[in-house]
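Next up: a single chain in structure tokens, the form predicted alone.
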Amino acid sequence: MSGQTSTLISNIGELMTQDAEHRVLKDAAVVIEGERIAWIGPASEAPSADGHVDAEGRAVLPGWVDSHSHLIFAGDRTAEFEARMAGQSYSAGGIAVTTGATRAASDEELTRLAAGRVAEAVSQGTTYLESKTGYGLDLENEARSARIAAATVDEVTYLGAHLVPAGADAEEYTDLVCGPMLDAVRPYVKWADVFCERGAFTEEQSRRVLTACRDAGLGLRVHGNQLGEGPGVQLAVEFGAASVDHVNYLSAADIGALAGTWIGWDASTGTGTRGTVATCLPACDLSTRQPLAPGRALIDAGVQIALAANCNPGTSYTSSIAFCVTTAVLQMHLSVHEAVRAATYGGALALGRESGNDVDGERAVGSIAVGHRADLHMLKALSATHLAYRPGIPLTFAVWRAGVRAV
């Protein structure tokens, strides 16, 4: 030990590391030192530490990595949800309702609301969060959303290309997104996204947005293939996007294109050229009554997938990754291990945080390995299988986020 405060967590019944070796250790222990994992192994061989926590046989897994959320918003869309449950189809237009409420809210109100949503997510085992802008939809409010997000979450994505505001000319608004608005948010964001979908942005407009944001040095993501087959997946592959999210409607060509991005990637060691992650959002699929994303087919084709909550006021007002994992097992035909991996290591892959230490000043997340950030989720259960075996039961017992116990 280097002298930093350390904690030994011992008597772990099942330790699901989700590291390159995909290890599931029995009767295990972990040592946290500062913000990092300092040691993992059999409990009988654990070194001493400054503090000690007895897991009493409980399961421990990496903290959830939520790689897709929309946390900077105000207002309520309950009426829209009720209408959708009564049979009205989903369209992207509801975003405008949230835009009005978000623009009217003060900085203090938006910050309070976002912080509360983060706290809710952490209380359920989420330890690393991305959030997007996209409810400001003008230069001032997109910059404000980016600034508030940067002070609230771990990763910020610019989504000025969420919807063309009511009354605006689509081409003129796309020019704004690619120019002055991009310049205004640039100090606060790492990623850029575009909603390439009917009712939102066309293929050509999406291409302009992705090109401008790539040229500005941002990593890329795409909202794609949510409401039907479309160009989103192919654009994401063409631009080397880190992820394409939603992916409800995929052709064989779409799946093949995504699988092709992972050729040369060694899943057993986590080495090689990272491809485009397919991020599945099952809570959103249920709320919008869209077909669940074909997670099983994607995995079988060799595509790396992530599971994320997509917390937003219109189509997925939940931060429960456990619910997404449960749904993935019970309805998307993933194994428990595959679903947990998608919600931890898969999310880290989608954010470029899956490997190495001190990447851009931060440690790797999404797996439990020596040197990685100490993000741990202890369950009120002997095995992670209980996440699907006991659906709907709150199973979070304790959470460590960057080495600090948060729950």
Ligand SMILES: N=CN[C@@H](CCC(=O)O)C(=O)O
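Just so it is clear, the model here is predicted, and its values are computed rather than measured. Start at 1 with the first residue shown and count on from there.
Absent from the display: the form predicted together with this ligand. The rest refers to it.
Undergrad: Work out which of 341, 353, 372, 70 lies within 4.5 Å of this ligand in the predicted complex, going by heavy atoms.
TA: If I apply the 4.5 Å criterion carefully, the residue I get is 70.
Undergrad: Of these, 258, 321, 305, 284, which has a heavy atom no more than 4.5 Å from this ligand in the predicted complex?
TA: Looking at the other structure, the residue within range turns out to be 284.
Undergrad: Of the listed stretches (70-78, 147-155, 102-110, 210-218), which one has a non-hydrogen atom within 4.5 Å of this ligand in the predicted complex?
TA: Stretch with heavy atoms near the partner: 70-78.
Undergrad: Would you please decide whether residue 241 lies within 4.5 angstroms of this ligand in the predicted complex, comparing each non-hydrogen atom pair?
TA: So residue 241 does not count as contacting this ligand.
Undergrad: Is there a non-hydrogen atom of residue 173 within 4.5 angstroms of a non-hydrogen atom of this ligand in the predicted complex?
TA: No - in the predicted complex, heavy atoms of residue 173 and this ligand never come within 4.5 Å of each other.
Undergrad: Even though the partner isn't displayed, in the predicted complex is residue 293 close enough to this ligand, meaning a heavy atom within 4.5 Å?
TA: Output for residue 293 is no: heavy atoms all beyond 4.5 Å of this ligand.
Undergrad: Is there a non-hydrogen atom of residue 276 within 4.5 angstroms of a non-hydrogen atom of this ligand in the predicted complex?
TA: Residue-level check for residue 276: no, no contact with this ligand.
Undergrad: What residues in 125-150 sit within 4.5 Å of this ligand in the predicted complex, counting heavy atoms only?
TA: Just 135.
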